[in-house]
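Just one chain is shown here, as C-alpha cells, and it is the form predicted on its own.
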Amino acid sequence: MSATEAMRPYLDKIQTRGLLAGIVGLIACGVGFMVDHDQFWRSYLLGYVYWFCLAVGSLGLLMLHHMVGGQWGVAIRRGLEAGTRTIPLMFVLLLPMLFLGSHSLYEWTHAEVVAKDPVLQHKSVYLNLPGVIARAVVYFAIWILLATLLNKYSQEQETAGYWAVRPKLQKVSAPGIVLYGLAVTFAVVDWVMSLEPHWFSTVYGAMFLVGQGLVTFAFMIVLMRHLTDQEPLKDQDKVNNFHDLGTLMFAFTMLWAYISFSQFLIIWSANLPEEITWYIRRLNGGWGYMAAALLIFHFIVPFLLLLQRRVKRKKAWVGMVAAWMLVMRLVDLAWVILPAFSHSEGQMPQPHLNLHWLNLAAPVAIGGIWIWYFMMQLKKRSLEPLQVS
C-alpha cells in the first residue's frame, strides 16, 4: 500500500475540515455582502491575495528547487506540486473580483474620477478594466503552462528516473523563473498597487515575490510537520529536512525585512509628496500600531527564534514558528492593502484603525476552499518524496 493510500483517511479529514471552514466563511461573507457591498470586496481582495501568494509561490519555489537541487526541495516537492495545481482555482476566484468588484475597489474604474484627475488620465492607457482583465489571462496562462509542464515531467521521473528527466525540468525552470517573476510583478501592480494609483514603487513586485516565498515555506513546514506525525511517513521525519527548511524561512524573513526597510528608507529620505503619502497613511491613524507589530512579530521574534539551531532542528518548534508566520503574512498584507480604503485620495488617514470582521471571514472562506482543493490535488500523487538515484 502506498503512503498516499495509507494516509487517505487523515488527508480526507483535513480536506473535509477545509471544506466546512470554507462553507462557514462563505455564509459569513454572504451576510457581509448584503450588509456592506464595498467592504465585502475589500476583504475579498485581502483574502484572495493571501492565498494567491501561496498558490503561485509554490510554483516559484518548485522551479527554484529544480534549478539548484537540494534535499529541502525533495522533502516538500509533492506539496509544492499540489500547490501549483491550485493555480487554475485562483484564476476562477479572481474573475468575480474583476468583473463584479472592480468598481468598489479601484478608483480608476470611475469615469467621473478619471475625468477630474490628470494623473489618472495619463495612466488610463494602462489602468483600464479591459487591459487588466486581458493581462490577468496572460499571467495565468504563463503560470498554468509552467505548472503543467513541471507536473508532467515530474510524473515522468517516476518511471524514467531522476537524472533522465531533470534536464527537462531545468529547461522549463530557467526561463520559467524569469517569466514567473515578471508576471507576479505586473499582477500585483494591477491588483494591489493600483488601489492607490498616484503612488508607485520599483521594489513593490520584489516585496510580494519574497512574501510568496516566505508564506510558502511556512505552509510547507506546517504541512510536513503534520504529515510526518502519521504512518507511514514517520520515517521521513528527518531532522536535517526541518533544519534546512527553517534556515530558508529564516533567510526569506531577513530578505523581507531588508526589502521593506530599503523601500521605506529611500522613500522617506527623498521626502517626495507623491511617495511619502503611502507611508503616512500606514504609520498614522492607528495603522502605526500594526506596523510596530509587524516589526516585532514578523521580523524580530522570528529572527531571534530561527537564529537558534536547536529551534530549527525540532519540528514542533519550527512548526510553531511557521504557523505564526502564516498569521503574520496575513497581517502584513492587511497593512499593505486595507489603509488604501480608509480615506479618499489626497486626504489624511482616519484617526482610528478600522478593521472589519469580513477581513477575517473572507480569508477563511477562500482559504477553506483552497485547502479543500489542495488536499484533493495532494492525494493524486505519491506522498513519498522521490529520491535521487
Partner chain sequence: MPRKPLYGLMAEFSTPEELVQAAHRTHEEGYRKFDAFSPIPIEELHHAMHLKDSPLPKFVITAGILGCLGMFGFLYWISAIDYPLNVGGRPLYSWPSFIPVTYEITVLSAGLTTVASLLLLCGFPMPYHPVFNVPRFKLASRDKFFLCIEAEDPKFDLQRTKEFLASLRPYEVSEVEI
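A quick note: this is a predicted structure, and the numbers were derived from the prediction, not measured. Positions refer to the first chain, counted from 1.
Another form, the form predicted in complex with the partner chain, is not on view; read the next lines as being about it.
Colleague: Could you check which residue among Trp163, Phe99, Tyr289, Tyr258 gets a heavy atom within 4.5 Å of the partner chain in the model of the complex?
Modeller: Of the listed residues, the single hit is Tyr258.
Colleague: Looking at Phe264, Trp199, Tyr204, Tyr126, which is the one with a non-hydrogen atom within 4.5 Å of the partner chain in the model of the complex?
Modeller: Checked against the cut-off, the match is Phe264.
Colleague: In the model of the complex, do His226, Asn284 and Ile296 all put a heavy atom within 4.5 Å of the partner chain?
Modeller: No.
Colleague: Pick from 268-276, 314-322, 74-82, 204-212: which stretch has non-hydrogen atoms within 4.5 Å of the partner chain in the model of the complex?
Modeller: Answer to the contact question: 268-276.
Colleague: Whether Ala174 contacts the partner chain in the model of the complex should be assessed with a 4.5 Å heavy atom distance threshold; does it?
Modeller: It does not: once the partner chain is placed as it appears in the model of the complex, Ala174 has no heavy atom within 4.5 Å of it.
Colleague: Is Met254 near the partner chain? Define near as a heavy atom within 4.5 Å, in the model of the complex.
Modeller: Contact check for Met254: yes, within 4.5 Å of the partner chain in the model of the complex.
Colleague: Looking at the partner-bound form in the model of the complex, is Leu307 within 4.5 Å of the partner chain by any heavy atom?
Modeller: Because a heavy atom of Leu307 falls inside 4.5 Å of the partner chain in the model of the complex, the answer is yes.
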